[in-house]
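As a starting point, one isolated chain is supplied in structure tokens, in the form predicted alone.
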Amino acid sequence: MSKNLSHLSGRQGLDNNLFEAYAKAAEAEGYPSMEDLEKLRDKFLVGKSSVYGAVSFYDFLRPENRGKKVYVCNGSACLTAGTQQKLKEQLLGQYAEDEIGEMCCLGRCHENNAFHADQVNYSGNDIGNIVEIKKNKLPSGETYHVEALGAGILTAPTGDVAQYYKTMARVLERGEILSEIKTSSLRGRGGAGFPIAFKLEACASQTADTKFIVCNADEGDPGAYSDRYIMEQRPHALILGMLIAGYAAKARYGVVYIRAEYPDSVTIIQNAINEARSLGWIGENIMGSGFSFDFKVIKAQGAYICGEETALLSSIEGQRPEVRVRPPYPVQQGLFNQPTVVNNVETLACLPWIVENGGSAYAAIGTERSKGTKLVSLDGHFNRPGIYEVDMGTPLATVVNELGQGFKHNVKAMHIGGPLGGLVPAHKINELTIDFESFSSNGFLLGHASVVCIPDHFPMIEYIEHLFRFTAHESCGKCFPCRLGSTRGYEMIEQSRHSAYKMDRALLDDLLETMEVGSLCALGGGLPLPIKNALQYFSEELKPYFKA
């Protein structure tokens, strides 16, 4: 990460943003022209390698994007559902081969058959209307079940918007809110489970003219669509949560970084911001309190690594989204070198309830160390897929058998928590509860709590090759263990699947250890977990691919 580049990008501010300029330059042809990039270099005073290094990284800014009119989801849930090959064949009836690209993931894991056309996502039975979709840009017929078991914090309706923001009035009247957030023991819902109060307090203690709250809405974990649910169904919970976080951290701006694969989320969040602004809750000197806070929505351009907080900050700055070495941490030196708190959608959306009901009330929900509720995303292999909110500590068996109403067919494993989460064999379902400690102590990871099922008929060797390939494609490339290790991993597996080559187990174990210990971030460092789970619990199925 270049501090000078961060400073240069910051001089233009959020309103004249280099990253957004890349996207605007790509609108006409699907990627920025060389002439446009040269103009941006001159305007922002950055070098050629910085501009081209950044633009060439993103899926939707590369020259290969030219001429693409429809994109097929290649996420894990659609893969194991086995729907995408037939889907592509149906699309070929309306589009040429070179007009069809790929996206990962569209967040339609509950009904699969997912594709994107003309800035609209489709899934389920939508493909049956492809002629009309291409002609008239029909809306999607998407539906999914939503239910709460327990406190029901995030799935509760926000009600009248003007009344809902009265919570912020109480924050301004009180003058101090950090103690309530501390009392709640709210931990980050994006995977790491880090206490949000620690970040807010650390940011508040920094001396700087400008501080930021950045919402990581780059929900790229295949199988996860809980953040999308909040942004599209409960947008004001997120906006109000960011306002509260901004007040606690003494920040001036909120940035919502939303993945391009969620076009509806981008529109709905911007509309919610406009509505909150019209009510007087966003802008200068809010309600005469002396607190000023404004928002910026940034549409990402296709890069899973931007879910890592430091890569996300580099992306907003228009730099190549590579992971930064820490320290310094974002709360010390984040966006544009200023103190920054980064949290995901679900975490921030919990704050209004905490302020309204008290930190103690929130801490009374859940387990000793995992407080509050958790959203769980169930994929299309369940009889009743959808979004379920449960109190922390709820048995996994309750989620699977009662809320999801069991599996449609025999399932041998569930990949929980995204591509870097644990691969849970079906026989372990009764041993786990939905909380950080239960999963960790059993050798898994709760993460986003997304559930991708692997049916009995789906080869485990194919699934772990898919995970290696996903990591190789999404690696930022900054550290060798991730960049090279993921590539060597899928090469080994591919050879063992399609030739007489047999893998050396010791060599694979060494590769996994190198990635786990040596990677800069959780992408390369987290991939070994599900691979190790597969090797442990499905050794007999995988045995033919290894040397005796």
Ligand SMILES: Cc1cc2nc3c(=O)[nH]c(=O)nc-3n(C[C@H](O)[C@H](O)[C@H](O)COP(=O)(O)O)c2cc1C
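Note that residue numbering follows the sequence shown and begins at 1. Just so we're clear, the structure is a prediction, and the values are computed from it rather than from any experiment.
This protein has a second form, the form predicted together with this ligand, left out of what is shown; the following refers to that one.
Scanning E389, D379, D218, E317 against this ligand in the predicted complex with a 4.5 Å heavy atom cut-off leaves one residue, D218.
Interface residue among T347, S123, S76, S184 relative to this ligand in the predicted complex, by the heavy atom within 4.5 Å criterion: T347. By the criterion of a heavy atom within 4.5 Å, Y304 is counted among the residues contacting this ligand in the predicted complex.
Shown alone here, R189 lies within 4.5 Å of this ligand in the predicted complex, counting heavy atoms only. The shortest heavy atom separation between A54 and this ligand in the predicted complex exceeds 4.5 Å. The shortest heavy atom separation between K296 and this ligand in the predicted complex exceeds 4.5 Å. Across the options 193-201, 277-285, 354-362, 392-400, residues that bring heavy atoms within 4.5 Å of this ligand in the predicted complex belong to 193-201.
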